[in-house]
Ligand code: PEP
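Quick setup: one chain, the form predicted on its own, written in structure tokens, and binding and motion questions come after.
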């Protein structure tokens, strides 16, 4: 059992809590859980948890049946997210949550040139943390042991040059103190997983720790090693599965894929995988990595070397840069299937806006903005309540801790961005089963000062959700957004007696049941909404087709010129720094053409001649002009500079009305 003490507890109250526990048969030990002071109570004592929780100075009580109390999910139900880095040289990177974090670099630091070259290569491909060994525990005393502190200094230099935090292995308690200021994250290697003095020393330093599973360790032993780190003081531990020893000799180790979902059930700590050490064969690293992501891993640590044949350590399992680049593309394609997004940049995951943009402008407009402009606040607007699919898409792009603003309609999202209440907004525009959400496409024409700056595709898994007392055979009414009904038409067809009630959003339907305590009413929404309101999932996966995706767009306000280089102009709009700085690959526009033969063909030919690929072409009636139509178009932006801009200028000459909605990085 864990008793978390209040921050301001007096010595007197602390002693009373200790005596209370001892009098009831518990052995009490003082522990530090990050910034929290806790009592660990063990033994066969009996206590009323409610009475214990009411004692002065007790923040909360967590009863656990596991020997690894601090690491147990019984102590903390929510997934932990570990932050690495965050100083002036490298923005923070988060491990865990809805994003896949990739750590990459050489097995060992060999020279300044080698580590700088590798850092640049992996950063370009999308790695967000740099790995590398300065101290290398090797089986043979004659093998390369690393460059020591000099190697760590070189890696720190390379990380700062690329804006990446670094992680490196620590092999002794004495070295841990010397390494503390040079590394952003300690790695405890497989051979040291049960070096308890090392665990205690590293944990006491408070740095994030990457804990690899020992080659012969059980899952419980692995989690108990994490408990040593947590008990010593750090609260940021990442578990790393890297394969275990079995009778199989073809691969270096046997990757225990099953450990990923098992550990995620037992512990709140994030789990990543090291496929390089798991298989030890370069050609097998990518398949093992993708299998790990499919099994639920929150990230990977991969060995990459510019010239693996020349590597002083683990060359046969190190990827060539081009292999790593392909792996990153494959991960990005796989991520949406498992409900995640690949974290591709070490820029802040939370939404940040330059200070100059936060204050209302006056007169001719501050910082170069338009007259009377009001610059946006640091939050993202979305339509719906907690647990809505739009909120899930928001956290996929901006991170779990992004400040957010709930509004009651799609129009409200546009209004919030336009008036500066929000820095950005997120709206759905298309579903793979139900088609386009025309209301939002039409809003872009009503709000010419709003532009598209980002995109994400979210897999939609619908659930039938009800009160804890509800049962399938007692349901009389089902609530959801009309799109939810459309996407679950086949399931609803099996229950013709159910009355359907439309709501503004799926999460709102769940919230209404929670407010009313209705037993005969169910809702169609995502699992996140059920969790947000404490309701029960009666049936999961009720969408007609499992290939059910919704495309969401991030919108921001157009500003003529900018107050700070911290934001970028793309298509005339301010792009929040948290969206990164990658070159846009996709654009959206709306245009109408003259009512004569070949008008649309002429427009499409302009793009075809320039090698611009169309991914969407849809006609919509022009409001106020019966039987006249405009065309919504999504295109890919060619790599070669100038082609796209020239094509757009030519296109304007062949259209009657032309609206450029925005340029952004497309989502796979």
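Because the structure is a prediction, the values reported are computed rather than measured. Positions refer to the first chain, counted from 1.
What comes next is about the form predicted together with this ligand, which is not displayed.
- Scanning 335, 443, 470, 190 against this ligand in the model of the complex with a 4.5 Å heavy atom cut-off leaves one residue, 190.
- 303 is the sole member of 391, 303, 505, 184 with a non-hydrogen atom lying within 4.5 angstroms of this ligand in the model of the complex.
- In the model of the complex, this ligand lies within 4.5 Å of some heavy atom of residue 169.
- In the model of the complex, this ligand stays beyond 4.5 Å of every heavy atom belonging to residue 459.
- For residue 385, no non-hydrogen atom is located within 4.5 Å of this ligand in the model of the complex, even though that partner is not displayed.
- Looking at residue 136, you'd find a heavy atom of it within 4.5 angstroms of this ligand in the model of the complex.
- For the candidate spot formed by 131, 274 and 277, every residue has a non-hydrogen atom within 4.5 angstroms of this ligand in the model of the complex.
- This chain is displayed without this ligand, yet in the model of the complex the stretch 190-198 from 190-198, 221-229, 587-595, 407-415 comes within 4.5 Å of it by heavy atoms.
- If you take 205-224 and check each residue for a heavy atom within 4.5 Å of this ligand in the model of the complex, you get just 212.
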